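Before any questions on binding or motion, here is one chain by itself as structure tokens, the form predicted on its own.
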Amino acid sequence: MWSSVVAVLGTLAGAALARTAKRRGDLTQTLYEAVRESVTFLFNDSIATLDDRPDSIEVTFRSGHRRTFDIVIGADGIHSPTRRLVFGPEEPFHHHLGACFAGFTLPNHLGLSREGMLWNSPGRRAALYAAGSGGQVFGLLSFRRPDLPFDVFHDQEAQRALVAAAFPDECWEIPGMVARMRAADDLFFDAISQIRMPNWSRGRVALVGDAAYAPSFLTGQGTSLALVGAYVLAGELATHTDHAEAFDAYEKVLRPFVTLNQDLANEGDTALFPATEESLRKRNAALRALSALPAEPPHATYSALTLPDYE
């Protein structure tokens, strides 16, 4: 029915995650293989302009190539260029959770295999993750930062200095992680934030995933929301002949679920990233009690949406 649709795709979470989090890479490859025979992919290009017309939308790519489509779907991340073209600057939708993070790879000198290690002080976290059993692990340094450091977003050396200043500790793996972060060629730095929008579509353009409703990694639900959102949007497009009706139905079905998941971030004070001494103490007490308790069921929010059957 929708014969000409362009979906603008972003990286999963920057170069560091793409190189290290093999399970995400596997997911990306699986999705690509499932549709590569029926979908045209244009790599190494991006949208420069959008001309939304009554019966179509003309896309001009940065390469100079032009094409006309029925609709455009922006799935290009928390700093979505597609959103900026259609809805304007990011600032009104950017909800800062009061912290920043840096991700990078480093040698797996601890021999971690499908496991992680975590160090916390109130408002700071250092983590090492091994998605597999290889020679590298993914390092993450996150820290409280109430204001957005706009001055470092486009200056990687300033980013390295800011992160290093937040972790002066001579304990655990911190000195080695900071040293590796300073030298990493795959450093990914950003604020810990959410995207909150009153509407996820305008005209013939709709947004999905982090571009529309990034929950932040503090919720652990970014990939899940993106996949569920893509499923619902595709289902509503398949069952409506009018794109505006499909977009409205997509938002009606999904928004309550998105709101529940975004609220898990608790303004940046979570079990994953305790912001206060009290929160850290409660989290540690809960972890110590795990061995004596039966396994808890998944958080109810994760399954709060029953997926519609669009067949």
Ligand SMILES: Cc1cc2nc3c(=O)[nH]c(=O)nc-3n(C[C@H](O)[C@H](O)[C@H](O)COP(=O)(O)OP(=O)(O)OC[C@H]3O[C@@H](n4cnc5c(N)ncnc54)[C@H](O)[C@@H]3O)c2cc1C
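For every residue, the number given is its place in the sequence shown, counted from 1. Please read these numbers as outputs of a predicted model, since none were measured by experiment.
Not on display, but discussed next: the form predicted together with this ligand.
Site residues 203, 241 and 247 are none of them in contact with this ligand in the predicted bound form, judged by any heavy atom within 4.5 Å. Distance criterion of 4.5 Å from any heavy atom to this ligand in the predicted bound form singles out 224 from the list 133, 199, 156, 224. Just one of 46, 29, 68, 259 comes within 4.5 Å of this ligand in the predicted bound form, counting any heavy atom, and that one is 46. This ligand is not drawn, but in the predicted bound form it has no heavy atom within 4.5 Å of residue 97. Though the partner is left out of this view, residue 123 does not reach within 4.5 Å of this ligand in the predicted bound form, counting heavy atoms only.
At least one heavy atom of residue 210 is located within 4.5 Å of this ligand in the predicted bound form.
Of the heavy atoms in residue 143, none are within 4.5 Å of this ligand in the predicted bound form. The candidate stretches are 88-96, 148-156, 210-218, 111-119, and the one lying within 4.5 Å of this ligand in the predicted bound form by heavy atoms is 210-218. In sequence order, 81, 101 are the residues of 78-111 having a heavy atom within 4.5 Å of this ligand in the predicted bound form; the partner itself is omitted from this view.
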